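Just the one chain here, the form predicted on its own, laid out as structure tokens.
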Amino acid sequence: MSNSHDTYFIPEPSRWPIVGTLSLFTTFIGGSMFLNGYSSGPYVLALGILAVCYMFFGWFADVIKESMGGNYNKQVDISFRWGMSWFIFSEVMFFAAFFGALFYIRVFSVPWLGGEGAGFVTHMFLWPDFDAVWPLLTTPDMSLANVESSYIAIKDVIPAFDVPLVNTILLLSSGVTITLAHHALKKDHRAPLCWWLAATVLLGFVFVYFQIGEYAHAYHELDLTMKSGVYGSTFFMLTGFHGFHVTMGATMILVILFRSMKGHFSSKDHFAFEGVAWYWHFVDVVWLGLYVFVYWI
């Protein structure tokens, strides 16, 4: 296929979309079975995850071959950029929904349950002793249908200037290292490119390591779990999904590192690198919001 500006590369029919659909369906079924206590659930879930990994390896291998074969011209590059831009926009909306839920709970729901505002006396009927303070260290447990409510007390919250501050420094540093890697690539300096990418991968996985330790500390020493009322659910929902995105981003950068070591990309042709860099900077920005609104304020 010619790489001229007046042609647009159309790939041959591929099996990967149907493989991906079946893999995701198997993963969802296995996850549902696992959560509902079926003994075969973990095996079906593992099969689905392995199938998804197989799909990713195979599909991306084909795309890399097409790229290295010179099939992608400027028009295809523009399509890739639009696709990545819309994907990141969808991720922005994803996190905006959870930040919006946190905002509504803190600014409206908790004050209303504490009796704030004209006519809001809900707390007098449900929890007369309810203390509308954020974070909610003591949350009424309504699972027991009796007059006296049972309470799940959180011993403490994760301090903002402990592990979260270290993780903030790590992620901000990783944003610098991947930018330096980009500058090295634009100058066709292969060795600095690989070293800065390796530093970014290391910083990303160290972040994940510290977050796992933070979760273990929260569960076993602070009694802060997903069952710890609305504070626990919002905390783990936001930080958990972000941690998943960091893991996926660091994995993608690791793939870019391997490709760079094999001589892929040039100063003028490196959208795969740029797409992953965009994603990583997005992850950095989301963490800054998380650090301020979940840990600090």
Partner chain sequence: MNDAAVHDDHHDHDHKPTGIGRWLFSTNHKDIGTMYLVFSLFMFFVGGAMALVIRAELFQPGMQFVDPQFFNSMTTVHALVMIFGALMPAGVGLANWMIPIMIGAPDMAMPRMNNMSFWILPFAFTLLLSTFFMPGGAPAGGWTMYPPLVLQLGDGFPFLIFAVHFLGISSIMGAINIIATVFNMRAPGMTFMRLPLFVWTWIITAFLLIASMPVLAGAVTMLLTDKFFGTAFFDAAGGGDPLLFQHVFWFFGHPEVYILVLPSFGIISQIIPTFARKPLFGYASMVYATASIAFLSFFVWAHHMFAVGMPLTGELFFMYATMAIAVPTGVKIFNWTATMWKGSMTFETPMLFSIGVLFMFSIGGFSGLMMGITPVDFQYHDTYFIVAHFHYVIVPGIIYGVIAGVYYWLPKWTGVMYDEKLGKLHFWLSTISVNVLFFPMHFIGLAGMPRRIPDYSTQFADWNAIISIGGFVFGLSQLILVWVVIKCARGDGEKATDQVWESAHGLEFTLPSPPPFHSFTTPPVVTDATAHS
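Everything numeric here is computed off the predicted structure, so don't read it as measured data. Residue numbers count along the first chain shown, from 1.
Below, we turn to the form predicted in complex with its partner chain, even though it does not appear here.
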Distance check, residue 78 to its partner chain in the predicted bound form, heavy atom within 4.5 Å = yes
Please run the contact check for residue 198 against its partner chain in the predicted bound form: heavy atoms, 4.5 angstroms, yes or no?
-> no
Can any non-hydrogen atom of residue 59 be found within 4.5 angstroms of its partner chain in the predicted bound form?
-> yes
Report whether the minimum heavy atom distance between residue 179 and its partner chain in the predicted bound form is within 4.5 Å.
-> no
Name the stretch: of 87-95, 207-215, 184-192, 163-171, exactly one has residues whose heavy atoms fall within 4.5 Å of its partner chain in the predicted bound form.
-> 87-95
Which pick from 48, 243, 229, 41 sits with a heavy atom within 4.5 Å of its partner chain in the predicted bound form?
-> 229
Those residues of 28-67 with a non-hydrogen atom no more than 4.5 Å from its partner chain in the predicted bound form are 28, 29, 31, 32, 35, 36, 38, 59, 62, 63, 66
